[in-house]
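One chain comes next, on its own, written out as structure tokens in the form predicted alone.
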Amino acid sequence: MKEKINLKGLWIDDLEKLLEELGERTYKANQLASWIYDKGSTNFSQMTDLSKSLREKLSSIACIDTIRLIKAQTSELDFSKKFLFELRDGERIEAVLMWEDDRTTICVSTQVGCPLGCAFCATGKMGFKRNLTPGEIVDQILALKDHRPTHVVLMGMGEPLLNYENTIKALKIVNSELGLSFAGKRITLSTVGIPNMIKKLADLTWRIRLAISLNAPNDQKRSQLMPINKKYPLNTLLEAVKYYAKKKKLRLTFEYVLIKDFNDSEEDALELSKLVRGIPCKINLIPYNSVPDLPFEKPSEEKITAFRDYLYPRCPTVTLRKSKGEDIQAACGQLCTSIKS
């Protein structure tokens, strides 16, 4: 028996093509998309503004699949929540919900594991399993819709720009009024920095916020932490970043994980300020979150404060991120569902 088509992750052009093949009018794609994404329906019988014959046709060839929630954990430190989901093939991913003032942010994954092997990151220890489909990316948000997230960040497991096509299709759904209706300014994509993909992202007609995982002020240190830097050194990465900033007329975020006695000195701060000079940006400092069996430590509070205070006003905007969910391994760099054997 032929496997049914999963409509979760299909967008207007895909749905129009399917309807055309069924001998139906293509304008119904908008109605179908609204039922799947805005209303979160998984049952064709609920789609009462579609004809009974169309609903029967869809039921015979298609389904609306959902990821399955396996486990939810709540931090005792800040009440952030981590969710473990199982996919249709048995693979697992994690997503995180965080609260800050009037913001409810959902952090979603784009891959099962990650191929980049950053030295400080638990996800990198997993190795790479596979890319998520557009539907699996979107479904993390749909599954937690009752929590009413206001912002979406692609900062979970995986590198979004190495799953570019699926990520972009998912973000179209997340951004559209027929989908999940998140404005572009409420969506942030975090990347280690894949220059050609950053430029490709810049050339899209719609805008989202971009965050670059920088973590070191020079190539020598960054290559120790992030092997991708050997392929795309800082001069190549920053050229793409400047292209994005100019094309989109947006301020970028540089994420900088502070690691004790590695990248937290006054000299590192000075070098970092010179590195990003002339780029419209803010620097988001992230004190290292511990990962079992990794040799890194968080700097002292005094060292963190000194680094921040030296960096500003040499850089226009410097923020210090408060880690969320560190006690449940939900903070930046801690997501992991299995270790590669």
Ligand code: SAH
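Because the structure is a prediction, the values reported are computed rather than measured. Counting begins at 1, following the sequence as shown.
The same protein has a further form, the form predicted in complex with this ligand, not shown here; the description that follows concerns it.
- Proximity to this ligand in the predicted complex holds for none of G40, Q140 and F182, with the criterion being a heavy atom within 4.5 Å.
- By the criterion of a heavy atom within 4.5 Å, L154 is counted among the residues contacting this ligand in the predicted complex.
- The closest heavy atom approach of I286 to this ligand in the predicted complex falls within 4.5 Å.
- Contact check for C332: a non-hydrogen atom falls within 4.5 Å of this ligand in the predicted complex.
- Within 4.5 Å of any heavy atom of this ligand in the predicted complex lies no heavy atom of Y243.
- You can rule out all but one of 129-137, 87-95, 262-270, 185-193: in the predicted complex, only 185-193 has residues with a heavy atom within 4.5 Å of this ligand.
- The partner is absent here, but in the predicted complex a heavy atom of S213, alone among S80, T167, S213, N229, sits within 4.5 Å of this ligand.
- Heavy atoms closer than or equal to 4.5 Å to this ligand in the predicted complex belong, across 117-153, to the residues F120, C121, ordered by sequence position.
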